Every structure is written in structure tokens, then in C-alpha cells.
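Encoded as C-alpha cells, the following chain is the form predicted on its own, with no partner shown.
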Amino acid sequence: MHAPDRPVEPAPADPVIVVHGGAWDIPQRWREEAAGVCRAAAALGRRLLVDGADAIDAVCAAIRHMEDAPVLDAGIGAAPDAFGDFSLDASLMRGSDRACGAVARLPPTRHPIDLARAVLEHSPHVMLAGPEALAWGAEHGVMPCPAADLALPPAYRDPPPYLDGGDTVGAVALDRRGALVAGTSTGGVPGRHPARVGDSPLIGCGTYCDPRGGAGSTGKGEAIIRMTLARAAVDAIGAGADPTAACKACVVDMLRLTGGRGGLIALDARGRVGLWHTTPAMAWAVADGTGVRGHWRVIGRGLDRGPS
């Protein structure tokens, strides 16, 4: 009598994480530092994934690292609005069940991504906004900080690194269980109207993730919102596009249809990475089984050149 066949366990996925530190025209003196922060964030996320952490832990850790970097516009170094005040946005989405959490127009806090995670895990709502959101976050360990904690240190003030770019940070990760998570955090566009909300906290625009893939957007927020850019990239991946081809098609379409420039990172369920931008620079990094790599540029000003 033969023993019944046992179900075959799927092979564990090879963990991958891709991050970006914003896309526009990053001032020359800050480009290498921005890329270095991204490489360190990706390396941190990959170490966690290799040790068995969930994708959500890796994404949040990578984004927290970038929120602590004055050279990037998220957390420390956030851009002040037209009145000189700080407000912060973030979002997080889990692919397996499409659970998501987002926060908008937060008063100063060091790690907005932590509050987005708290919303995902503990709130019946998808988005919370304003001072009341941060007050709710205190129940889950997310506390306000003095506005001075977000101001650029003296070494970064002339010119500010985000003057022509670096408006968002983001990450997408695939863990050993094959789960995908995407997240985004931003300190906002410098000089913006204080009531403005951009793409970063809007699910489908700045962040999107489902079982097919995950994506994160950066660049001109109003154009990204019009295109629901992150969702468009994942839909293209779901239709069979290679992640880089999907990212390229989406940002080129955005430029053609709206005049808005930007960038995308993406990751599919097979661990294939996508990167593209139509801006002069985009800080990024990837960490996978081959190591950690990253740069401040994926393509130049043209639209027909591949990753370099």
C-alpha cells in the first residue's frame, strides 16, 4: 500500500527589495549621498528579509532609514510649506490582502511610515489626516516631535538637497514567503500651499501593491494622481509586462498626457525589479541575491535610454 502523496511545499522566494529616494534634478553635490542612503536602506531591508522578516518589516525599516537622512525629503529634512511649517504624508500597502494604511498632513513626527503601518494594522480606516491622526498614533507609539527636529542641519541648508528634487522616498519588498509590500513617505513639495495633499498618501497613486506586484511613484504629484501611476504600473505587470517596461510605459505616458515628469520603482511576484524615470535624476537601490547596487540616475534626460 502506497503512502498518499504529500503536498509539495513551494520553494521559498529569494528576498528582494528596491527603494527610491526621489526623482527630479537632485543637486550635483547631493547625488552620491542620496544614492548612498538608498543603498544602505536597501541593504538593511535585505538583511531583515534574509533573516526571515516579513516584507512589511523590511519596507518600514528601509523607509525609516531614509526618513532619518537629511539629504532626502522625508522625516528629517522635510520641505517646509509656504508658511514655513512642516506636514508629512506616508502610505503602506500589503499585496496579499490589499490591506493598506495612509496618513496625510501630519504635524512633525520623525517616522510617518510608522503611523501608516499603525493605520494598516489597527484602524478600520484606510487614511487618517491632520493633528488628530498623530494624536491617535500616540496609542500605538507614534509620537510628535519638535518642528526643529525636522529642520535641515546647517551642512545641508545651502542649497537644500530637495531644492530641485528628492520629494519622496519609497520601497517595495518581496519576502521569503512570496509576500509583497510597498510603502512611501514624503516631507512634501517645498513652498506648497499648506492644505495641499500630494500623491504619496493616496493608494493607487504614490503606492500600490497586490499579489501581482508592487510599485512606488515619485515626481510631480498632481500628474501622478491623474494617472494613478503606481496602480497603472502594477496593472501593466499583471498584463504580462516586464517590470521595467511597465515603469517606462507608465512614466512616459504620464509625461505625454499631462506634461508631468516622475519616476517609478516596481517589483513583481517573481522578484523582477523595474526602474524608470523621465526626470534628470532618481536616487535608487536594489538589494537581492547578487548584492546591493544603486545610483542617482537610471536614465538621462531622454526617454529612450535604458538603465545605466
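When you see a residue number, it is the position in the sequence shown, counting from 1. Computed from a prediction, not measured in an experiment: that's the story for all the values here.
Beyond the structure shown, there is the form predicted together with a small molecule, which is absent from this document and is the topic of what follows.
Put simply, residue 24 is close to the small molecule in the model of the complex: some heavy atom of it is within 4.5 Å. With a 4.5 Å cutoff on heavy atoms, residue 91 does not count as touching the small molecule in the model of the complex; it lies far away. Residue 175 falls outside the set of residues with a heavy atom inside 4.5 Å of the small molecule in the model of the complex. The closest non-hydrogen atom of residue 77 lies beyond 4.5 Å of the small molecule in the model of the complex. Only one of the listed residues (101, 161, 137, 188) places a non-hydrogen atom within 4.5 angstroms of the small molecule in the model of the complex, and that residue is 188. With the partner removed from view, the residue among 181, 72, 224, 116 that has a non-hydrogen atom within 4.5 Å of the small molecule in the model of the complex turns out to be 224.
Stretch-level contact analysis of 198-206, 126-134, 106-114, 141-149 against the small molecule in the model of the complex, using heavy atoms and a 4.5 Å limit, identifies 198-206.
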